[in-house]
Structure formats: C-alpha cells, structure tokens
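Take a look at this single chain in structure tokens; it is the form predicted on its own.
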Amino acid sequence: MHLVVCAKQIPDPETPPSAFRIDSATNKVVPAQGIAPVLSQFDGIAAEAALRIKEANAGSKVTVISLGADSAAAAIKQVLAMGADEGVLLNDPAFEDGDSYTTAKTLASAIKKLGDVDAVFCGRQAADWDMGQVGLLIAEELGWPVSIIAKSVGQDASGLTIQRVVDDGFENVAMPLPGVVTVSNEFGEPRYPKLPQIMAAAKKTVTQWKTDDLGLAASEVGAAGSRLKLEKLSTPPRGVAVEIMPGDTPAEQAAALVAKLRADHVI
C-alpha cells in the first residue's frame, strides 16, 4: 500500500502571548524570534494512523507531503523520523497566501502526480486556523470517499474500517480504497522518534515540486486562486478592569456583588 500523510507546519502553540505579533498591513502573523514553528499536532496523529497501517502491511510505504516555505521541510523530517519513507515539499512563491481550496487543490495535484496512492491521511484540522476543510476538499478534488474525525483506523479485505467521532458518540464506517481520512486527537498520541531515527531522517532528501511540476498555473493556486479573502487579522484587546464592592463586612460586600451581577444580568 502507498499511504500519504499531509503535514502542515504552524507557529508553536506554546508561543507566549507577549511574543505574538500581527502585521496589520499584510494581515500576517509575524514569526516569533527564537521560537521555531512546529508540526501541527493533528497531523502528527494522522501520521501515526498511517504508520500503523503501514506496519500491518508488509511492503507498504508512507509519503509525507507539506505545502510551505523551506522551513516546512522540518515538519516533513519529523514525520520521516517517525517512520515515513519519502517526503515532498510543495514550495513555490505562487503557493503562498492560499486558502483551504487552493491548498487542497495543490495537495491533490501532488497526490495525483505520485500516481499509486491508496489512502490519504490528514489531521482533523490545522492547529492554527482550525478550519478542518482541507481533507474534505482533497477528497472532492480526487473524487474519493472521505471519513472525517476518526478515532481509530483499521483495515480489512474491502478497505479501511473507521470509528469516527459524532455529536452523540461514535460511528463505525467501512470505506473502500482509495480514500481520505482525517484523524482526530481521540486516536491517541503519536510516537516519539528516537535519536537514531531523527539522525537518519536528517540525511534523507526531501523532493521539492513547484507549479510546473504539478501541471498547475499560478493563477489557480495561492492567493490568485483563493475563494476566501481575509479582510482583517488582529489580536483581541487585552486589559483588566477591577471594581471594588462596597461594604464594611464580607457579608455586605457579597450582597453588593450579587446585586451587581443581577443588574448586569449575569445571574
């Protein structure tokens, strides 16, 4: 089997608020100094799901694909260290500032170029924008079935067996191949690569593809092909307001607080 993992590099979620900046002129997050971006946590879980399927099928391979700048190769190397076999970085200025639609279109074109893919694994959503659209749109572009928010993924003779999270519990799904799965955090923690695996991954070559390699025009991808326009990106206002409740005793102050909350329709 040939399995593909789609991996995205995002700003480190542990970045302290004091280091978080937005360039209002470009509507972009300013990279925090000294804090490296990381693999989106949901994509690491998707990689774990794909690797377990690989381990259950001798001779299978996993290819990890990321769309981004040169730095995104680090996200690919992390999945290679986990046990993936090959890495592809979609790196072209034309891909920049795209939305979910153009991202999925570009990833789907790369999957088509690989040619022999049996299943695609994505995180349930990216841990930065949290939109959860790319996996569905990849399936639409490929014309494949899709199962989302999977908490377990197995395999039988007819394809993949998936238990997915729904509002009131779990749903069991049988999906023929080829297909797309988005994997949720309920699946469990991804494996942590050991030092020899990290060193071996560092030596692997990551293939880079541009628009011409995928047979795409610059007008179809990135900002030029986007269906969504970002009007404004900003941080919420921060501040603390303190009001001292009147009263000479704790009981009087408590009564004043209750009266205030009722007046503000909080209680």
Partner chain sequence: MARNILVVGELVGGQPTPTTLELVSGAAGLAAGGNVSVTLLGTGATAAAAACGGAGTAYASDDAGYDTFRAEQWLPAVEAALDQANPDLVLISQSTPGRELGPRLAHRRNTAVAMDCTSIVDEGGAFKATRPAFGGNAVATYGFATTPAMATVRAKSFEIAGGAGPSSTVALPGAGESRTNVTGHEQVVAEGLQITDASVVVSGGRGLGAAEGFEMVEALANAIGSDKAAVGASRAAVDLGWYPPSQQVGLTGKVVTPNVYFAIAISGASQHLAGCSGSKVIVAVNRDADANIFNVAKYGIVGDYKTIVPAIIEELKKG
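We call the rigid core whatever largest set of C-alpha positions still superposes within 1.5 Å between the two forms. Treat the numbers as computed from the prediction; the structure is a model and nothing was measured. Residue numbers count along the first chain shown, from 1.
There is also a form predicted together with the partner chain; it is not shown, and the following applies to it.
**Student:** Of 69 to 77, 181 to 189, 111 to 119, 83 to 91, which is the one stretch near the partner chain in the model of the complex, taking non-hydrogen atoms within 4.5 angstroms as near?
**Tutor:** Looking at the other structure, the answer is 181 to 189.
**Student:** Are any of the heavy atoms in Trp144 no more than 4.5 Å from a heavy atom of the partner chain in the model of the complex?
**Tutor:** Yes.
**Student:** State yes or no: in the model of the complex, is some non-hydrogen atom of Leu228 no more than 4.5 angstroms from a non-hydrogen atom of the partner chain?
**Tutor:** Yes, contact at 4.5 Å.
**Student:** Please tell me whether any heavy atom belonging to Pro236 falls inside 4.5 Å of a heavy atom of the partner chain, as the geometry stands in the model of the complex.
**Tutor:** Because a heavy atom of Pro236 falls inside 4.5 Å of the partner chain in the model of the complex, the answer is yes.
**Student:** Give a yes/no on whether Gln133 approaches the partner chain to within 4.5 Å in the model of the complex, heavy atoms considered.
**Tutor:** Gln133 belongs to the contact set for the partner chain.
**Student:** Using a 4.5 Å cut-off on heavy atoms, which residues of 59 to 97 contact the partner chain in the model of the complex?
**Tutor:** Result: empty, none.
**Student:** If we fit on the core, is the Cα of Gly247 displaced 2 Å or more between the shown form and the other one?
**Tutor:** The answer is yes, as the C-alpha of Gly247 shifts between the shown form and the other one by 2 Å or more after core alignment.
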